[in-house]
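Form predicted alone, single chain, as structure tokens, below.
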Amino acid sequence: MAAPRQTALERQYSLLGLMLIAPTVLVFCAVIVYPLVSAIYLSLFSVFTPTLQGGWVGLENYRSLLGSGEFWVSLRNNLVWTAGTLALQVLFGVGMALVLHQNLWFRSLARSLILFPYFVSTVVAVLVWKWVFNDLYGILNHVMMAAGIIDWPVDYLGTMPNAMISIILVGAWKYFPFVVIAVLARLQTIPEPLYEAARIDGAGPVARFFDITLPQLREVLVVIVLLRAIWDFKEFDLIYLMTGGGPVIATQTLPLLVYKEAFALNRMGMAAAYAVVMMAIMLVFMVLYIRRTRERRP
């Protein structure tokens, strides 16, 4: 049976739909498709950054990348940073959301102030924390020495594992408000009769948390973990400003390695190869996130 032919009005509506969606498609291609294709294309060349001139090397950049010890160190640092800061964000975020969900007299003010770390500029936050962690005149060393906890100043950003611990703590402080917002929004939708029934059955606060609150938060926590894992994995400015990847390369992550290859060593082709590998790793998290959000749709 032949398909019905479109009327003139239907063709006009189809053309209008194409015209309306065209700007979005063009912007998508300009900011996502073109840079992605360009990065994959550049990764197949040996390109000198200042002139963007070079020759075809095929997969040689990827072979060099996989055989580079610096790549594996940076990947390990990336995973440690992501796992550490993500765990603290979820822990602090859920705890603070539970506190702010209670009927406190200063709750409105606290909910406003808790967003401060997330909204403050990364440069400003890093300057403050570098002053706190400074080994010569930092307030943290001063307080700890005055309290008799330490006898000598501690170098928090110049030695390991202090440097990694420091940037993880700062990252958790900077981004945990996002978890607070998401969890607090979900807490406000949990039916109160569930808690009332649990109290009648004799369940205490801990039992109510594990039997009611945590199961209700499971879906939103999965989404939070996947989103924050993607964002933390590609974090550049906070780590670069805090330690620059040092001491040596002890806190260097893949985004810092891409920057180093492109603008310090002037090897744009190799930097593109690192960026493509990094994108492939992040793609795993993105696929998990997309699948999870689709499963939640009715």
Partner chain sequence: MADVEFRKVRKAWGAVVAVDDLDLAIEAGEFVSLLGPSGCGKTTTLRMLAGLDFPSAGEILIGGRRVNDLPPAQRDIAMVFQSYALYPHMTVAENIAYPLKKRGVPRGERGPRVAKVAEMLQLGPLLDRRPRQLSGGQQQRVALGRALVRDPRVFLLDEPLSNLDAKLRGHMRAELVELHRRLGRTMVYVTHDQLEAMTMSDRIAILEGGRLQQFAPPQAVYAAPANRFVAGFIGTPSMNLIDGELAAGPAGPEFRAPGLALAVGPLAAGTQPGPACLGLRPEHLSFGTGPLAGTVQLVEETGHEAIIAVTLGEGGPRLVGRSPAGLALRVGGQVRLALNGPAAHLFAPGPTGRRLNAPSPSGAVAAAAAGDQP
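From a predicted model like this one, the values you see are computed outputs, not experimental measurements. Numbering follows the first chain given and starts at 1.
A second form of this protein, the form predicted together with the partner chain, is not displayed here; the remarks below concern that form.
Participant: Find the only residue in M145, L91, A207, V123 having a heavy atom within 4.5 Å of the partner chain in the model of the complex.
Facilitator: By the 4.5 Å criterion, the partner-contacting residue is A207.
Participant: Which one, L98, L221, L227, I212, lies within 4.5 Å of the partner chain in the model of the complex by heavy atoms?
Facilitator: It is I212 that has a heavy atom within 4.5 Å of the partner.
Participant: L194 versus the partner chain, in the model of the complex: is there a non-hydrogen atom within 4.5 Å?
Facilitator: Contact check for L194: yes, within 4.5 Å of the partner chain in the model of the complex.
Participant: Under a 4.5 Å heavy atom criterion, is L136 part of the interface with the partner chain in the model of the complex?
Facilitator: No, L136 stays farther than 4.5 Å from the partner chain in the model of the complex.
Participant: Check L169 for me: does it contact the partner chain in the model of the complex (non-hydrogen atoms, 4.5 angstroms)?
Facilitator: Heavy-atom contact with the partner chain at 4.5 Å: absent for L169.
Participant: Is Q216 one of the residues lying within 4.5 Å of the partner chain in the model of the complex, judged by heavy atom distances?
Facilitator: Q216: contacts the partner chain in the model of the complex.
Participant: Of the listed stretches (169-177, 102-110, 124-132, 196-204), which one has a non-hydrogen atom within 4.5 Å of the partner chain in the model of the complex?
Facilitator: Careful reading of the contacts points to 196-204.
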